[in-house]
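Next up: a single chain in structure tokens, the form predicted alone.
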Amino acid sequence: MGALEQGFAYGFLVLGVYLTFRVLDFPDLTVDGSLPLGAAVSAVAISAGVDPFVSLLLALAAGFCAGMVTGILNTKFGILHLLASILTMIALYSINLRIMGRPNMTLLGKPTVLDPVTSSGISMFNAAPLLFGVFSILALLLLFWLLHTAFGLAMQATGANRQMITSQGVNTDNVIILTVGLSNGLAAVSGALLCQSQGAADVNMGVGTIVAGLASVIVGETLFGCQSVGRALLAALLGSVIYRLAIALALSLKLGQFSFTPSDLNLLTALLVVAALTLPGLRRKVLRR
């Protein structure tokens, strides 16, 4: 259940990573800073008496602004997209410290989005996966609708052939800025949900999230395919859940005296991504033979 909870909470991040890396073809590392940004904003807002659900919207807005900075650095100032995202990510570390006033902040005794669910008689153990799952599905449906609007089609065309869509009169700079902003807004919502479920926000909680997000997207595409937009979005979300379940199983695995520890998480992620990328090719070779 803990793996399901984290899978759905990180589902927002994975959907955001899908938008930038797959739809827009924009490698964006800003999410490593925007996830703790969302957690910091949500924690400070709740501590100040703001409703937990409203704090999610504030986190979304903060992450959107952070993503827009990356987009502006790339499109208006001509900085390479990868470098622009790294610059924003580095700056966000100091901004997150400034927002919280300290490296971490606790939410013990404060209201969270889980309170209405637990008050209805559902245990905390089951409430988080249920609520986060509903939130993730709603986000998936909204993105599915968005990608079928005029802006969504412009977004897909910008990633597929920027020169062609520019010749059609579309301002690709605005498309990139808004899409990267939306991606980081979703990542910030993930941070806010994790902050409220874990009861604390930390400036270092975003380290390595881009790797986990990419791993989830790749695993989902490998297992479920991406022949259509709806299927690709669903594959990304399910990939987030399967990735967390795989990590949980790996950490519980014991071979004699050997066992994985939480410090091996990055190694496990790398191995999982390598397997997801190489196994389809090996399978095709075997079938041809």
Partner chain sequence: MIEIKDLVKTFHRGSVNEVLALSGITLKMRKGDFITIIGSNGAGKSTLLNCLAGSTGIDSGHIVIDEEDVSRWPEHRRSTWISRVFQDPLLGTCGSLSIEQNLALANRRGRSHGLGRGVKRSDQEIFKKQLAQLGLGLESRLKDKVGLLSGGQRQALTLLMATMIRPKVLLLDEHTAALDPKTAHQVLSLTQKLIKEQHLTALMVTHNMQQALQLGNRLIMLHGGRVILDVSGAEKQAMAVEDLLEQFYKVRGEEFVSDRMLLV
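Numbering follows the first chain given and starts at 1. Computed from a predicted model, the values in this text were never measured in an experiment.
Another form exists, predicted in complex with the partner chain; not displayed. Remarks below refer to it.
Visitor: Okay, which stretch from 88 to 96, 155 to 163, 184 to 192, 211 to 219 lines the partner chain in the predicted complex, with non-hydrogen atoms inside 4.5 Å?
Guide: Residues of 155 to 163 come within 4.5 Å of the partner.
Visitor: Exactly one residue in N204, T106, S123, T149 has a non-hydrogen atom within 4.5 Å of the partner chain in the predicted complex; which is it?
Guide: Going through each option in turn, the one that passes is T149.
Visitor: With the partner left out here, check for me: in the predicted complex, does some heavy atom of S252 sit within 4.5 Å of the partner chain?
Guide: Answer no; every heavy atom of S252 is more than 4.5 Å from the partner chain in the predicted complex.
Visitor: Give a yes/no on whether G169 approaches the partner chain to within 4.5 Å in the predicted complex, heavy atoms considered.
Guide: Although the partner chain is absent here, G169 would touch it in the predicted complex, with heavy atoms inside 4.5 Å.
Visitor: Although the partner chain is absent from this view, report whether Q227 comes within 4.5 Å of it in the predicted complex, heavy atoms only.
Guide: Yes.
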